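Below are two forms of the same protein chain, given as structure tokens: structure 1, then structure 2.
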Structure 1
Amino acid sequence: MKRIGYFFLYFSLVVVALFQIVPLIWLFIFSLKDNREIFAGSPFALPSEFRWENYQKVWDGGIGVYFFNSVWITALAIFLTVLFASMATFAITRMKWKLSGFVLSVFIIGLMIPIHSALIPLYSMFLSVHLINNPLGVVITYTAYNLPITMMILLGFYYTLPREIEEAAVIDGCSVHRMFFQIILPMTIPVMSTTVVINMIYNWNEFVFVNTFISSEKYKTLTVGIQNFIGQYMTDWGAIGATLIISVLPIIIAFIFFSNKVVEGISASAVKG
């Protein structure tokens, strides 16, 4: 009976995995076809000739600029978000001060603010400080909006850290700053990996803020750049498929390499000692 239960469990997991993988395989095959094969042939048929020039075409057409912008904006926003969230979580959970609970509540309230309700105030504020059409405005927005969820993931893990480590460090003459950067921060690498992947997925796929704050082609990211690129190649569907493959590939690679860390981090942050 137990074996039958495992069989159905694994069978269900295989079915779910196929539902996730098949669309990616289809998109990859789609990106190697021309318009005739896409509309006249079977959707799952292999192309008569693999047209790798579709990728060269979109890269030469400007997708490389959008890709580079997505990489550095996403990386900088992740670094700032994880650093600031770690510092704030350390101060709230490991240091004793009267307003720690209130400050935590203020951060968590950020989860309840819809993105669209803040667009006009943010646009007005960035306009007054000359951050419209400036990628730093997007980085600041990503950092602020991702702080609450990042702190929520970190909180459970920070509560489980033994205070004896901090007490021993203080006895040895360690300052608060050195304790955080050299002792506490390295111990939180598993849960930090989880926050990095979650922030990467959000920042990489975000569309609304970039579309609102950025108008210059040289600062646009992949999500907005693909929208313009589709208009440029309205009839070349193979090239459009190539742009989509390029846009999803970094997320897939990151999740493959960090999937175990994500599970470990979520499990660790869910247990409060």
Structure 2
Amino acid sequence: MKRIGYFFLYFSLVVVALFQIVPLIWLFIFSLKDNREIFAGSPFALPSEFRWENYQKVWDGGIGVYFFNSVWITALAIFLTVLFASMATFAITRMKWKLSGFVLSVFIIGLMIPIHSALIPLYSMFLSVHLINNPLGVVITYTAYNLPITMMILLGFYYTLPREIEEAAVIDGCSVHRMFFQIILPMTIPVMSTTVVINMIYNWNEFVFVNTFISSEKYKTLTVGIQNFIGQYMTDWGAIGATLIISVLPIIIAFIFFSNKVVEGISASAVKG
């Protein structure tokens, strides 16, 4: 009896896992087929030959530009976010000043804001300072909107660092900059890497800011760029599948290598937010 119950529970968990993974497997399979096979054959039949040329086709079609934009915009925004968030968290948790509690609550309020409410004014502000159709506008927007969550994740770790570190450093005549960059920052690498992975997922997948601020093809990132692509290959499912797989692959690879960091970051950002 207990056996049957256990089997039933296990079975339902596997069904849920299949529901989560089957659409992706199907996507990968049809990215290697041509239309004839997709429309005539069974959806889960393996392709008769692996048509990697679908990937070649969309890559040559220019997806590389979007891919490269996604890479550098994501990387630069992560660098700025994690640096600025670390500096601010250091000032809030380690330095002594009266307004630190108030400033912290300003950042926390930033977590609750629906970005759409700020979108129109941001657009007109950027228009007046020539940051529309300029990837830097996107970079600073990502940085600003990811700062609150990044700080929330860093905060707990910074509070646990022993006070003695600063005392010893000050007694030895160490400047605050050296203390921060050479002592504190290296100690926070474990939690920093969590924030890097979380920022990577957010920035890589971001859609609405790029869609609103960037109109020129040469600055678009993958999330927006694949929209055009799919329009262009409207009826070529193999090419569409290849496009989508290329766009999700970096995140999947990051997840395979850093899954514990991802899990940590997502749960920290949820429970604290």
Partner chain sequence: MNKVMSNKLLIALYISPALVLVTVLIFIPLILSGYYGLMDWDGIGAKTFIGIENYMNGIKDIKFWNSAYHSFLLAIFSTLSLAIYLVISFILASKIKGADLLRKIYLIPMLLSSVAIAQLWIKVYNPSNGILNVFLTKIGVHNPPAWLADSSLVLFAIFIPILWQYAGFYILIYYAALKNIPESLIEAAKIDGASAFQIATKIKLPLIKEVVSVTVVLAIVGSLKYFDLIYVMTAGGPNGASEVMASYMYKLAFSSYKFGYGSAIGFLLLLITLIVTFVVRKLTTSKEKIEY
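Counting starts at 1 with the first residue of structure 1 and goes up one by one along its sequence. Rigid core (definition): largest C-alpha set, two forms, superposition within 1.5 Å. Being a predicted model, the structure only gives us computed values, none of them experimental.
Note on provenance: structure 1 matches the form predicted alone. The shift recorded for the CA atom of Val16 between structure 1 and structure 2 is 5.6 Å, with superposition on the rigid core.
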